[in-house]
Structure formats: structure tokens, C-alpha cells
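In C-alpha cells, the next block holds one chain alone, the form predicted on its own.
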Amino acid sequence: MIQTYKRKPDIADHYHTILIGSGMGSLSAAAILSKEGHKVLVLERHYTAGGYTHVFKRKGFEWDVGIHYIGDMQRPKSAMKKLFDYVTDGELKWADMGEVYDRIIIGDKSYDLVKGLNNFKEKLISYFPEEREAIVKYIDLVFAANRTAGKFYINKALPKWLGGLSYNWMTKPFFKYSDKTTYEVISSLTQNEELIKVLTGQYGDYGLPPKESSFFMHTTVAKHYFGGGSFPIGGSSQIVKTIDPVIEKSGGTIVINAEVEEVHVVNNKACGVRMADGRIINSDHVISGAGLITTYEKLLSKDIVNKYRLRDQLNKVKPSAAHACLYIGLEGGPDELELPKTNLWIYPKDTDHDTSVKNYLEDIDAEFPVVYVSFPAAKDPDWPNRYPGKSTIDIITILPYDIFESWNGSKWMKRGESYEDLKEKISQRLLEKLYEQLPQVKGKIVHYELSSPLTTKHFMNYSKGEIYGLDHNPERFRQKFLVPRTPIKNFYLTGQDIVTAGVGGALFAGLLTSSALTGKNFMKKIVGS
């Protein structure tokens, strides 16, 4: 059972490791360290644990806020499956989404991304028979880029002196791919803009359109789903539920409603945290999973930030895209409503991804550059047991933080009529997109609510309501400071900013941070390579 700070759980005076935030990076690191005998304390400022893996309930429904599908879970020997099994003691189970995991919809045309590498390739070729050579070369490049990642990431966990000595040879092959934009690489293979649009149709999974995103980031997502998509059975709340017992076995705990005011630093050494109520909890190590920007702007004293010139680091990166998510509750089960498991990616007909984003950011009344529709109730085989006769749908789109900035500082759920009017306008536009694809759900919706970038800021503590931490552009991967170690002794970072976007990236960040902290090669121990 996850305890709450308000109920005054039995918090010890000292821990091996304190982790700030309960997102996937912190949970992963906490579980790995617990298995090494560390007594850990995971501190979550909100009323529910899990970060982007948490769920919320309203009006008799339940929604997953961040996990919509995960790749590589149907391959027992995949690195991600092995790591998830390790941190959950094999208790977390996954449901296969089936043959078609993503459907790219451009105007009145649709293109299915199908499970299995050969199936994926042949399906694409059936849509673009004249582009066979380009498609084959593209897939080869996806694998080639991913093969360079191992040494790049391992270098991040090495001791500073060794990482410095080996940096050039361990990172040079990686930069060959990460330094180029997605569009730069794919347009060198084909001039077919429709094919480029389809191949980059999952860009919403990492937040940047093709002419801005690093090609390596694109390849990570593309390869991740070649084996199909999966969804956690019982919903994404099962992640924290299955990791919590692993932490407790070594005397650790996850505490909610527990806001950290500041990392407690004495003589340039992290030795615990100071809570919002003034209490100091001591530890040998402190790990922040709150993201680079939040950590350096909110969790360290100005003296520390100035001493180590940490603001210089912040000036070299920027937050990723902000978003809106429309959470929908419907009467009728997934089968009754004929809801698919397949995700829908809906795009404008006549403009490329980058132009669509540019037009929309200049005028949010312009056509949505991307609308992503997910059907969690259909993906989870346990859903009918928990919520018989009901269904849920999530719809996500880009939504710039700037248009909500005037409400910054207002209270969640009490931001005023004009704020609600703006959200309602966006909600109705998103519902129209849904009805175009699934007209049968019209009249079946009994509840919907839109989360804005301010909602994300409130719950995730991200400065601009960003969803993927730092932008995954080519420059981001060149920043040597995006590593687990910080200039402060015994103080570490984990989460998306250390590896890449999403739950999978944060999961592996926990592994890297654990390796950096202990000096142990957990990649070899857990994954076997």
C-alpha cells in the first residue's frame, strides 16, 4: 500500500537514497537500488504516485494520463521487457494491441503501421510501390542509428574521468545520426512528401516535427514499435503498484503529498532534502526525477546554482512541446461501441508536418497539426471487469503554453469562466475530429474534460507544461551535462532528460542513474549486454 505523508507514515531519519518525484525514472532507479539493498524514499508532491504513469478517476471512469502504448513488450528478450520485468519482479503484465498499432490518417487516406518488421516493410511498399528502395534503406538506417546508442548512453554512466577519456570514440558513431534532423535524412532517401509524412507520422510521440527533431530520436520511436504495441493489463497504475512491493522489500517506501522544498546541501555535498513543512530527511544520496529545469530552478539554492553556473546549462536547452488531452467517458463497452485498439494519428491533407505546426502556433484557430486518438478501454482486457458497460477515449493535440500564461498562478479547477470557455472551444473541435472517424460514438459521451498545459504544470511541475521534458532536437544530444551526475557530490538526475522522451526513455534513465550512483553495470546485469 502506498502511504501518504498526511497520514504521517513511518519515515526514518536516514535513507541510503531519497528520490524526488515518482515518475518512471525515479521508480526505475528506486527499484534497482532497492534490489541492491538500498533503503529508498520516493517523495511525490501530489496525491497520486507515478508521474506520467498515474491514472485519475472521475464520474465513474478512469483515465491513464501518459501511457497510451509501449513497444517491445511482446519480445521476451527485448531490453525493455527485461528491465520492466526486473523492476516489477515480473508482476506487470502486458496486452498485445494486435496487428495494427498505429493508423496514419492524412485527409481521406489512411496508412496502417503493422506489427512485425517484414509486415511493416511490405505494408508500406504496398502503399508506395515505387518507393521500395527508399523504404528498405530507411529501415536499415533506423537499425543502424539504434546500434550506436548503447555506447553513447553507457558513457553517461561512467565515472567522470573515464567518461571523458572515452567520450569521443563512444559517441562519434551516434552523432552521425543524432546531429541530423529527421527530415534531412529521410528526404535524402525519397522526395515523396506523402511517404515522408507517413514515416514521420508518430512525431507526436516525441514532440517535434521532422525538420526540427533529431533523426536519432525518430529512429528510437520507430524501431520501438516494429514489434507492435502493448498496454499494461489493469491500466498504467499497475506500474507503480508492481514496483512498490520491490521497494518495500528493502525497507523503502513511496510517499505522496510530500513536497520537497530544497535539496539539503552541506559543504557541496547532498545529504538529504528539506520538505515544504521544514523537516529535513537525511540520506547518503539524492536523486531528482523532476527534470533538469525544475531541479535547477526550484530545488537548489541560488548559491549552488550560481557556484556551478547551472543556469548556463539551462540556457542551452528548452522545454519540449506542451499539449492538451481531452479525456472522454462513454456509456457502452468497447465492443458495443466498436472501439479499435489501434491509435489514430490524424493530419491535415495539404500541408507537411512542419508547416502545419508553424501555422497552428501562429494561430490556434488554424487546423490542428496533429490529433492523436487512443482507446485505452479497448486496449486493456481487464477494463470490462473494472468498468462494465463503459469506455474511455483520449484525444491529444499540441497546445502552446503561451496562450494560457495569463492564468498562470490561478488554482487548478478554479481558473475562471474565460479559461473554461477556451477549453470548451478546443474540446468541441477535438470531438468533431473524433466523430469524423468514429461517428457511432456521437451521443454516447457522458463526460469529457480537457487538460491544458497549466494542468500538466500543476501535476508534473514542468515549467511550461511540457510533456517530454527537454526538446529532442539535434543540439540536445550534444549537451554533455545531460548525465546522471551533477557537480554536487552525491546528487544525481534521472528521467527523460537523461535519455529520451517517454516512459521507455525514463525507464532506462533509472538504470543509468543507478549505475552512476553505485558503479555497477546494470545494463549487463539486467539486460545482458
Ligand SMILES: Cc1cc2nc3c(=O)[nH]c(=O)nc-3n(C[C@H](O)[C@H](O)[C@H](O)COP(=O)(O)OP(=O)(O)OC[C@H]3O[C@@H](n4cnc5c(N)ncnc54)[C@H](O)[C@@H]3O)c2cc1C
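Note that the structure is predicted; figures quoted are calculated from it, not measured. Numbers follow the displayed sequence, beginning with 1.
Although it is not shown, the form predicted in complex with this ligand is what the next lines describe.
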Seminar exercise, completed: From L493, L33, I67, L470: within 4.5 Å of this ligand in the model of the complex by heavy atoms is I67
Exercise. Pick from D284, E193, E259, E449: which residue has any heavy atom within 4.5 angstroms of this ligand in the model of the complex?
Worked result: E259
Exercise. Should L41 be counted as a contact of this ligand in the model of the complex, where contact means heavy atoms within 4.5 Å?
Worked result: no
Problem set entry | this ligand contact in the model of the complex: A290, any heavy atom under 4.5 Å | yes
Problem set entry | Proximity of Y225 to this ligand in the model of the complex, heavy atoms at 4.5 Å | yes
Exercise. Does this ligand get within 4.5 angstroms of any non-hydrogen atom of S22 in the model of the complex?
Worked result: yes
Exercise. So which of 68 to 76, 311 to 319, 421 to 429, 350 to 358 is the stretch with heavy atoms within 4.5 Å of this ligand in the model of the complex?
Worked result: 68 to 76
For this session: Quick one: name the residues from 495 to 525 with any non-hydrogen atom within 4.5 angstroms of this ligand in the model of the complex.
Result: G495, Q496, A501, G502, V503, G504, A506
